[in-house]
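Given next, in structure tokens, is a single chain: the form predicted alone.
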């Protein structure tokens, strides 16, 4: 009976309201510990557990704006009280500050990808109208465009279907310009740049000097340069350089060289040191007039990934400055909307800012260009409709001011006492004694996490198994390889900058097939919107472009120069005639004679450069590449074995035994260009190494490939263990 209501429910409405949510099967929840403390959460039998909402808010909106991020993975003493298998749903309608923690390999970045996927799905359903920007410091979010076909069986257990998402990926401008147009379109790549005018004196400190600490003279000089360029200055000839609303690093260098007031105030050595640092910053290819704005990145209904992996070690400073600008611009737009009382969604929508490796941008000790901006965003963002997700492997290393704002915490496995204590102190809900035990929290399996919700702060947190990804997780190896190849076209910083003349610098900065580089970023070539989903044929086309591009690159006569990062050919290396093709020889083997392995000697280069050059050779030489990479679904891991003061034959034998300890068998030797690639194969696994030496330092980069990620990880772990101490 339906007492108190004269209007009966329609049959389909009654079925919808009465049908409880399907529980996640136990086979999809392999880790099911028993927890004695009772669990009392916001439960909607039609959808499951609801995080981040009050009961009154949920009664109003029900299932709208919820995203499934996992399932309850704990049992209770009383089975009637157990929520085992209940889907866990995250509120995406209200603004949140969320903190995701976990040691390396525990699944924290994977969880970030799930949050991004659920935001995209809710936007597709027209339940929310937001933008999501992912600050990717570990190169794992680009592949969201591809469906997660590797876990199709597990997805079926969760009643989910694999699919990709139309993410926009922003990469450094110089890398973008150097890529073939077809690659840009198929992989949804866009140019990322920062306008030099956006940087403060403090920001320039982090760009020009690691750690951001400039001498007083250098700090005063950069301040004077910025002021002069912005207001204009008179040259010694009397001709006036007019003020510039926007400017480039070249304009800053010209000011140092041509402004007589700077010439009078600063020593030549100080000016030269500043010019050298500015040239190095310019060669990053990311600082350019105009720059990428928050309105380019924070687009309603769009997931945007900022990927600066091509910058290598310089990525941290660039990301910090970019994050600073993004936080300030988003808050400024949203606050202006509140003051004016009119909708600002057309200008800038409510934005979810997702930051991986947050301890590098918002450290507990010390400063970065992003720290104050992110803390301000955490404190003010929720008031203006914006959300923040911070992710780190070191909770104890993240600023308390940022984490104290978190209303939701998801923690994967942690090992260090400081990190475990930090979680206990900052959890916004009750933590049972069982969760506080170091052995318990350090032994959580990959993909399992503790979840705490401030809306149930008087109740305890619980154990959650995160759901499988719908899209691929991890950087696309094909694009990663292409990015590395593009690096080889761009000369690195010269070994002796002091002798570098300005005219040499101009020639060094010349970029291929691009119009005048002094024009603003709006002069970049148009990039048509690609298909929302890449088909297999699309990927074949993309792979074809990449293969052709890499082959042409490595036929380039400067291959040896680029591999070693040398500014000029050395006298000890004879120049080969252009018509000579390196001799290749494939030798099948079952037993290794180390004297058959050619070791490439590099003269007078640092150990770090030896490792870099040798690894590139194994990865990108055509012969080793063809042996290792046989499928578009391949996964790769690698390690560099380094020893000093050893015998060459002993070193080669030790590395080979280490690889054989993982079950791989010798397959062949490939002799090419002074190197020998020692190749191994067994049951879908492939591995190869080559040896380089400088002085008494040997380096053997080992690359392991398979279409099964777990096989690769296990093999590399065994090889590493076998080589420890040898």
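Fair warning: this is a prediction, and the values are worked out from it, not measured in the lab. Numbering follows the first chain given and starts at 1.
This next part talks about the form predicted in complex with a small molecule, which is not shown.
With the partner removed from view, the residue among 107, 196, 191, 71 that has a non-hydrogen atom within 4.5 Å of the small molecule in the model of the complex turns out to be 107.
Site annotation in the model of the complex: the residue of 393, 387, 178, 324 reaching within 4.5 Å of the small molecule with a heavy atom is 393.
With the partner omitted here, the stretch from 632 to 640, 108 to 116, 182 to 190, 91 to 99 that lies within 4.5 Å of the small molecule by heavy atoms in the model of the complex is 108 to 116. The closest non-hydrogen atom of residue 259 lies beyond 4.5 Å of the small molecule in the model of the complex. When the small molecule is considered in the model of the complex, residue 465 lines it closely, a heavy atom lying within 4.5 Å. Although the partner is absent here, residue 371 is not a contact residue: none of its heavy atoms lies within 4.5 angstroms of the small molecule in the model of the complex.
In the model of the complex, the small molecule lies within 4.5 Å of some heavy atom of residue 103.
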